[in-house]
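Next up is one chain by itself, shown in structure tokens, the form predicted on its own.
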């Protein structure tokens, strides 16, 4: 099997691309008078520098992430949530109407949506009934999808969400390493929920897997869903390409400031994670007692996938009690399932109380 390098898998026009050069990318540092970026000289909402463009390279935030999250500062790209990171990967690697991507289904639905937006084909490798990786099926599919070339079209990207959404389970790192080295395109490990797991991050595999990319976010464990902070960790050639393709000011200064503030409170976040895991275990035990609950799947995330006798009726009944859960029964491989986020102790008590009313 031909071993492609990251750059060889990129679209030729991206490799040739000369990126837009913004005023703030041409100058950084201290100055008294800024007349280079056509900004307003006045900050109308306080003396916070909101009238100035933010750092397009997010240097202060990357330094803080490196310190707190143990991520390599020079191997990171930051953006407007993981969704921007995913879309950038499609635009960098996938030729519309020619290339394809491979998904481990059921999984995060946005991967297929971004494939459709970018006019890229999708192949599915279904997980087993317990949502573990079907390695035998993956071996067959890898043999099939590895026949293409960058010139003729190929499966460029393999997405693995671990812990997986919507099932909640993590995949063993040795399996991820094996798949990443057998798949001749780029393997992306989406670790949006990894902070809630006991497993090691796939970042630890990057020295042994040259075409491996890891996605992280501050939306989940760090409580910043509103700020939209996505993180890509990858090979230097990819990081350089993503910096070329991303919007010049893709992450607002306000979002960067809020993210730094949250990272300064890392001890509080870690205490919450311990609490959340305890609540996840409590919810798992309690949900298993209800007659209409058929199975609570093991979870390494901040949610539980639950198979019930009538998911439509359950979601409607809870909505009438002002409690919202997610109906996942129409997702391939998740028949009869709902997804329940682990909330605060009070929110979880309200959910369990409502379910007790429905049990009667």
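Numbering follows the first chain given and starts at 1. Since the model is a prediction, treat every value here as computed from it, not as a measurement.
The same protein also exists as the form predicted together with a small molecule; that form is not shown, yet it is the one meant from here on.
Contact check for residue 232: every heavy atom lies farther than 4.5 Å from the small molecule in the predicted complex. Contact check for residue 106: no non-hydrogen atom falls within 4.5 Å of the small molecule in the predicted complex. Residue contact with the small molecule in the predicted complex: residue 196 places no heavy atom within 4.5 Å of it.
At the 4.5 Å threshold, heavy atoms of residue 220 reach the small molecule in the predicted complex. A heavy atom within 4.5 Å of the small molecule in the predicted complex is found for one listed residue only; from 165, 256, 250, 201, this is 165. For the options 192, 78, 212, 101, the residue carrying a heavy atom within 4.5 angstroms of the small molecule in the predicted complex is 192. Taken together, the three residues 10, 112 and 156 all stay farther than 4.5 Å from the small molecule in the predicted complex, as judged by their closest heavy atom. Note on the interface: of 176 to 184, 140 to 148, 212 to 220, 279 to 287, the segment with non-hydrogen atoms within 4.5 angstroms of the small molecule in the predicted complex is 212 to 220.
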